[in-house]
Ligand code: UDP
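The data below hold one chain only, encoded as structure tokens and taken in the form predicted on its own.
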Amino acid sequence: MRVAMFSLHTCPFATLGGKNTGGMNVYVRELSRELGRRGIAVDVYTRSQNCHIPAVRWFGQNVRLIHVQAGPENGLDKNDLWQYTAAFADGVRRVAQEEGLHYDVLHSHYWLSALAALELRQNGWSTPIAHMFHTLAALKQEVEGFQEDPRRLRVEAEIVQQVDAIVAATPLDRQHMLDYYRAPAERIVVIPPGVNLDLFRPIPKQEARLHVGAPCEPCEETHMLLYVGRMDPMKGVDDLLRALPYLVQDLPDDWPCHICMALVGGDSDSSDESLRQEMDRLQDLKHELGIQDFATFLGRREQDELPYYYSAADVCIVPSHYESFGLVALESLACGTPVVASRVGGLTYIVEDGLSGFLVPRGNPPALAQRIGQLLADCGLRRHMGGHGQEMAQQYGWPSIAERVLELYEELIEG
């Protein structure tokens, strides 16, 4: 079997924490590797954003990454890539023709990739298409103050009617497709993303903290809080920063520990102007709230470093306003660190409220602070929740998730 995996707008190997990088990058990379280990030939196609990067890169047994030129070879806003989906499809077709390849399945990720896959179908390819949205425009549109490109709203409703199968991350994700886009129920299969359990595992806290370095001034005992993700209003970083003053003021006068918040993701010197502006805004908010001694922006980190940060932290916070799944929460739990998260989307499936962490209403800094404080004050509770979360995370190992994806491919091919 040979599979073409489409990740048009972002390279699976882009450093996490940037404007267009996150759980989807990890998903495409890890799924492709696991399929390759099973003898499946996987070609991952992405749009070239740098002419100096080799066009082809092998990154696992039977798996390669192919950069296709489609439009200017630099970073573009996602909403500007619509016009290059046909060129991307032409690039895929050209590779297939030159190498004499036949793909048994096209697996597209995000709405732009689906457009490229459907372009190939409209021009003669009969290959079945499996698609995963990762996020839905209709759900993002409901978040206060967020305006999605109206073209995306319209196109996503068309995609669900045209592809052969849709992969939903959770039962709620599936229900949203039914409710908002009237997707054909028989075409939707629920397969959650996985987690690399060889990488994301508990590391002794002292070892982890020595490895990452102290994100704030050390003292006799430091409680480290952690945020991992993009610096994006949708991720609720504002709520997290606004929760810190509540957390500090609610602590007893004789509280013996120092608290610090490490925020991983984003870069103030990024070449992306909108990301720089968001980082500047968050830095200003931090000073406005008077929490400059408590919160430190660390910038982007490679994925191999993240287990050390999760293990070094006492609590991981995921304050998102919308998450179709919530991979950061799963990675943290796999490392044995409890999570405080917003009660939204896929997070309600990953974080078992009261067992592996706490769920709070989105956009509610006082509630966020209260649950974080509860965990910081009770070492036994943190240890119990972390152990439960680690045990739960075992069911999301990539071998079992990839097996379910492979079963879907086989059904599409037979159908």
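Numbers for residues come from their place in the sequence shown, where the first is 1. Quick caveat: nothing in here was measured; it's all calculated off a predicted structure.
The discussion below concerns the form predicted in complex with the ligand, not included here.
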item: Partner-proximal stretch of 287-295, 202-210, 118-126, 222-230 relative to the ligand in the predicted complex, 4.5 angstroms, heavy atom; value: 222-230
item: 4.5 Å heavy atom contact, I159 to the ligand in the predicted complex; value: no
item: Partner proximity in the predicted complex: C11 to the ligand, non-hydrogen atom cutoff 4.5 Å; value: no
item: is_contact(L327, the ligand) in the predicted complex, heavy atom dist at most 4.5 Å; value: yes
item: Contact flag, G236 vs the ligand in the predicted complex, heavy atom cut 4.5 Å; value: no
item: Candidate site G23, V264 and Y310: all three near the ligand in the predicted complex by heavy atom within 4.5 Å; value: yes
item: Residue among C260, V344, I166, L306 with a heavy atom within 4.5 Å of the ligand in the predicted complex; value: L306
item: Residue among R93, R281, H176, R301 with a heavy atom within 4.5 Å of the ligand in the predicted complex; value: R301
